[in-house]
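Only one chain is given next, in structure tokens, and it is the form predicted on its own.
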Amino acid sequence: MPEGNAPFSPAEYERRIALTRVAMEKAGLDALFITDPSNQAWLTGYDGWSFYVHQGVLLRLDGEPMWWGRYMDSIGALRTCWMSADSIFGYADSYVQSTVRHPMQELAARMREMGLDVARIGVEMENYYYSAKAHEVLCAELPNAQISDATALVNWQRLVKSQEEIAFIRKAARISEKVIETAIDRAAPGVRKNELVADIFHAGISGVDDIWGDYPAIVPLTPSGLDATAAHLTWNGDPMKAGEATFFELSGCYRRYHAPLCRTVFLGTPPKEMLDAEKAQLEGIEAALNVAKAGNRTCDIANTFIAVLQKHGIYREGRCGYPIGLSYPPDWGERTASIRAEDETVLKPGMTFHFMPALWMDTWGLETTETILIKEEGPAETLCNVERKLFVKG
């Protein structure tokens, strides 16, 4: 197996492909067409900002994966994938955003040449990057193939991280510490939010020592005051104000691997209800981390946290976290297991999660979160080292 410019060892890619092929056989698939850029990168090393056009990886039960996409992006595949040039294919620019032809016609022609015209083929139907039109055209071009939904088949193989992956996540965590500390230090009344976010971006991209920063899959979420009662607002040009809380939901990124981290800053004197909620939240986080052990379930983490909140008279519903690792926009989650009451995924050593026990109340929000690693023994390890508290700046 050639190594090329891909970021991991040949043995690591062999491990990933073997896991995926076992899952394919269990699903009764002869081939898998993968459009999620995170899954493409995980299997081949491909890394480029080209997911706005049709592209993907075709994996069969033997041989090298095939990367397929726009011709100009196939040059990037040659630069970033581990496979040989014979496994990288590009289609002409005349297919791009055309109203008279579709890239899936070109892909289907290649698949017919490979003898896949009557094959059992899995596609990622519930995916940001696989359009209804693409599916329609592919099915029309391969009428005798059995095309079925294989959403998240690759994602589930990514759940337990290798030591090589964990090393990358630890590097991302160092950057996460820097961006959160930058946000906390820079926050002050009168500071324009966009200028603060510019500092956050600079800290994240410049990285730490020789650990260079990549772009995160989610932009900085930095709402203040009433905006912080919503989970996913970004920023504007308004100045920060005394008497308001701002939560920072951020992540460092190294070679596409993330370690999300959230902290909250209050400018002035926090209200008693927020301080009481902080106490309950921190107690709940500590209790939940103690049950985040191999052999327990993701629901055990959520239920432990929620039980502590209820003891303090706080009601919270919804999930409290998700797996993280390699990702591209628009999400750094892996879209498999969830830390929530009804999810019974068994925790295994090497799993990494963003434990996200945030509180969004009627007039403020309080986010204090951790990226955690499930260990062989004992409670989960928190990968970032930033004090866990509400930061108050008088």
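In case it trips you up, residue 1 is the first one in the sequence shown, and so on. The shown structure was predicted, so the numbers you read here are calculated from the model rather than taken from an experiment.
One more form of this protein, predicted in complex with a further copy of the same chain, exists but is not displayed; see below.
**Q** Against a further copy of the same chain in the model of the complex, would D199 count as a contact residue? Criterion: heavy atoms within 4.5 Å.
**A** Close contact exists here: in the model of the complex, D199 approaches a further copy of the same chain to within 4.5 Å, heavy atoms only.
**Q** Is T269 a contact residue for a further copy of the same chain in the model of the complex, using a 4.5 Å heavy atom cut-off?
**A** No.
**Q** Would S50 sit within 4.5 Å of a further copy of the same chain in the model of the complex, counting heavy atoms only?
**A** Close contact exists here: in the model of the complex, S50 approaches a further copy of the same chain to within 4.5 Å, heavy atoms only.
**Q** Could you confirm whether Y130 comes within 4.5 Å of a further copy of the same chain in the model of the complex, counting heavy atoms only?
**A** Yes - in the model of the complex, heavy atoms of Y130 and a further copy of the same chain come within 4.5 Å of each other.
**Q** Using heavy atoms only and a 4.5 Å cut-off, determine which of I314, I166, C299, V219 is in contact with a further copy of the same chain in the model of the complex.
**A** Exactly one listed residue reaches within 4.5 Å, namely V219.
**Q** Tell me, which of R112, R319, R174, R120 has a heavy atom within 4.5 angstroms of a further copy of the same chain in the model of the complex?
**A** Result of the distance check: R319.
**Q** Let me test this: is every residue among I75, N194 and H232 within 4.5 Å of a further copy of the same chain in the model of the complex, going by heavy atom positions?
**A** Every residue of the candidate spot has a heavy atom within 4.5 Å of a further copy of the same chain in the model of the complex.
**Q** So which of 305-313, 289-297, 201-209, 271-279 is the stretch with heavy atoms within 4.5 Å of a further copy of the same chain in the model of the complex?
**A** Heavy-atom contact with the partner occurs in 201-209.
**Q** May I ask you to list the residues of 131-153 that have any heavy atom within 4.5 angstroms of a further copy of the same chain in the model of the complex, in sequence order?
**A** Those in contact are S131, A132, K133, A134, H135, E136, D149.
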